[in-house]
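Before any questions on binding or motion, here is one chain by itself as structure tokens, the form predicted on its own.
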């Protein structure tokens, strides 16, 4: 089984849509908008785009280069180019995907619950109490399992018959829904202040280290980097793929969806007079920096809309489900691909056993949001950042002539020397800075969970 021919994408479009689906997730629907509004509006957007170009794109291109060149999953890809000593770095990617999906599926289950509520009963009543009921308990476990079941069913279908076929259908649907909701929101009376709050330019914020930290973190996490997803997807590419073009398309689509989401959320909230739930609520029970906007404030907005809120809410949470599902597929595929390469398992066996283990690990997060939060901090701040730092150093310094590999399939591209210089110097510096900021908070959260 280990020597079986590696699966391939049937088309460039299929790969691009699947990779965009991996990048576009729940974080695009709110976290980007929230950070943009809180940290300088248009100024944050400029800084975010700069960090994406200087940090996000080089790391993405490094992952794509390793995957396509090796035609292997993360552990084997690092061993292929660096020897056995680099295998543990690939294992960090696999561990990141394993941990993230175990709790990400719990949150995705919440989106399914809210979509069903919007469709059949609406959002009336106490939205905070509603969220508390939905987010923890046996019902949360049940929807977590149901979402994981849908994910594994798709991944077990293979690269072409499962992942690619799903992406070709769901990603255009997601874009259409987001654009449609943004157009609808723009027509609401009173939407203007929402746009102003979202995009007000405070260019003094660019000089803040805190803003830079948030911009770097968002640029990095929103592109689905450091977890081996892009590497794994690229391992199913042909040798003629134009990796720089693919990187730009994926990053552009990811940024576009995140930006459009803000054009949906803020006009809705301000047009319906709920701006008080947005401004000055950090640290409260309905803190929108985490889940308040998606699962407390926005359902309240939809309830204020009356009958129209039912279908707007249904469409909005449908977008969240699509984004969550396409991201979950890529996370599971990282682990499945590693099991197929490393253990010689068939796809069906690898998919179902991996999903069962992830679903089990996610059960504590379905009973306690604090556990979920700690798992998120550990995976995002330690696994992803540490893994990406190792990746940039590996491709920048250890890999034998990565420029020769990335050049395949390109014509007239002349900036690959700059790409490697960014991986050697700029990317590690930024990632170390973000790690220094993030690690103390992560360790404190772990200690707090265990009563330390």
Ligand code: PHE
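Just so it is clear, the model here is predicted, and its values are computed rather than measured. Residue numbers count along the first chain shown, from 1.
What comes next is about the form predicted in complex with the ligand, which does not appear here.
Listed residue (330, 354, 73, 105) with a non-hydrogen atom within 4.5 angstroms of the ligand in the model of the complex:
Flagged contact: 330.
Looking at 65, 392, 36, 28, which has any heavy atom no more than 4.5 Å from the ligand in the model of the complex?
Here the answer is residue option 28.
Would you say all of 9, 18 and 232 touch the ligand in the model of the complex, counting a heavy atom within 4.5 Å as a touch?
Checked in the model of the complex: no contact with the ligand for any of the three.
Does residue 222 make contact with the ligand in the model of the complex, using a 4.5 Å heavy atom cut-off?
Yes, residue 222 sits close enough to the ligand in the model of the complex that at least one of its heavy atoms falls within 4.5 Å.
Contact label in the model of the complex: residue 23 to the ligand, heavy atom within 4.5 Å
Result yes; residue 23 sits at the interface with the ligand in the model of the complex.
Whether residue 77 contacts the ligand in the model of the complex should be assessed with a 4.5 Å heavy atom distance threshold; does it?
It does not: once the ligand is placed as it appears in the model of the complex, residue 77 has no heavy atom within 4.5 Å of it.
The ligand isn't shown here, but in the model of the complex, which of 222-230, 208-216, 180-188, 130-138 has heavy atoms within 4.5 Å of it?
Result of the contact check: 222-230.
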